[in-house]
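One chain comes next, on its own, written as structure tokens: the form predicted on its own.
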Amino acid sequence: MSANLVETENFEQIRDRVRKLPFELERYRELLLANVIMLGEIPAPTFHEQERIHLLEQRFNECGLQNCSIDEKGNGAAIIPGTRGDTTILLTAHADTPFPASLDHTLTLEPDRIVGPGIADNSLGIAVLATLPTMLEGLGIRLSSDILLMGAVKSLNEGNQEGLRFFLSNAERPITAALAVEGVQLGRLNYRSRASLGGEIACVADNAHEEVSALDVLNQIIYRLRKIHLPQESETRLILGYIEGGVTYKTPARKARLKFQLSSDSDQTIIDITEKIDSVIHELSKEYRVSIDFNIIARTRYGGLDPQHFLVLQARRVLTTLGIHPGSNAYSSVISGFVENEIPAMCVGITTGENLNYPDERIDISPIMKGVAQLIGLLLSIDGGCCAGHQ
């Protein structure tokens, strides 16, 4: 089916169905909240998500889904079979959170919100995956496409989307399009990725040169980094995000490290500036006679969908139908993995929230079913053909 037919014939039917969904989904509120609490109270720091993935797989099995499995990287996946099954839509959410297992993960369920570490990023997203099969079955919605559900591991920070990238590069079936689910914010429509590099520079000063402080060296590195030309035509940015070093104010620091992010609308610009950073480190390590290591901890590629791609246009219509104001930021790092595999993809949020990545992270309950309705509307649009022939 052509995208033009989707626009002229099918969207009114989708629009009518989507309008009713928030009300129809209310009867699944308690089930979804129960899954949020059960999954969210399992600590899942990056590289240690397996207990959460095992519970997700258990939910998939209880729903009677096909091909429930955990791959060698730890991703959990299952299939909701379509009536034809000749195309596949990937629906994914990352299972990890940015909080250590040592932190108390007890969630507080209040009348209008849920509070606790990781609830927005991304316990709600993974709970939506666990609950969606029951919702679709109860609503009598069955797509012609197979829906491939996947809880991704090793996604955040140093994880560098390792789980998603592995899954996509080893997929046994072609993926027509993909939707990445995040807990917040409702209204986000991310369909592009910027080129970026997350780096760590670690300096170790030799004991034989106690007059040299690793912090002094790191200060020089920062000064030199700030002198590197950042092309404005490609909107290149350098963010110095984290610095630590030393043990006391009385002693020169033996160790110090810096974490930063470089981003651009040009993959080549990232490559060129990385070479300059390498040169700065080489020069300063010789000048100060210290050990300096430069490690790349995350990378993304530039690319994604055009704003006029039919998936983007349909997504805006779905959100407008539900009274959701579409956000203006098209960029998310999660899109990079799909760009690398030439898969049309979009990242959406389920509800509103605040205090993201703080232990008192919180989400609002009342908009959740509207966010799920949005997700189902997008699945219906993709199944209707809005990605066919429009890469």
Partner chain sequence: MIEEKEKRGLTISLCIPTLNEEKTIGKEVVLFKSELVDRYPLLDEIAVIDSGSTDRTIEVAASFGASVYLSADILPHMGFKRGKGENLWKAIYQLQGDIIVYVDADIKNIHPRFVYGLVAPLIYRPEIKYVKAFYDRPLALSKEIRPSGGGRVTEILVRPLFSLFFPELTAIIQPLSGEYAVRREILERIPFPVGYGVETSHLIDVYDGWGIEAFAQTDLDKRVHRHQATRDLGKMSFGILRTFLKRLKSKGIIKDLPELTPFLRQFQAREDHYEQIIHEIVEEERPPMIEVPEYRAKRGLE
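Values in this document were obtained by computation on a predicted structure and should not be read as measured data. Positions refer to the first chain, counted from 1.
One more form of this protein, predicted together with the partner chain, exists but is not displayed; see below.
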Task: Proximity to the partner chain in the predicted complex (heavy atom, within 4.5 Å), stretch among 290 to 298, 141 to 149, 156 to 164, 106 to 114 - done: 106 to 114
Open item on the list: I'd like to know whether Glu41 contacts the partner chain in the predicted complex, with contact meaning heavy atoms within 4.5 angstroms.
Closed with: yes
Task: Touches the partner chain in the predicted complex: Glu26 (any heavy atom, 4.5 Å) - done: no
Open item on the list: I'd like to check something about Ala34: if you look in the predicted complex, is any of its heavy atoms closer than or equal to 4.5 Å to a heavy atom of the partner chain?
Closed with: yes
Task: Contact flag, Arg362 vs the partner chain in the predicted complex, heavy atom cut 4.5 Å - done: no
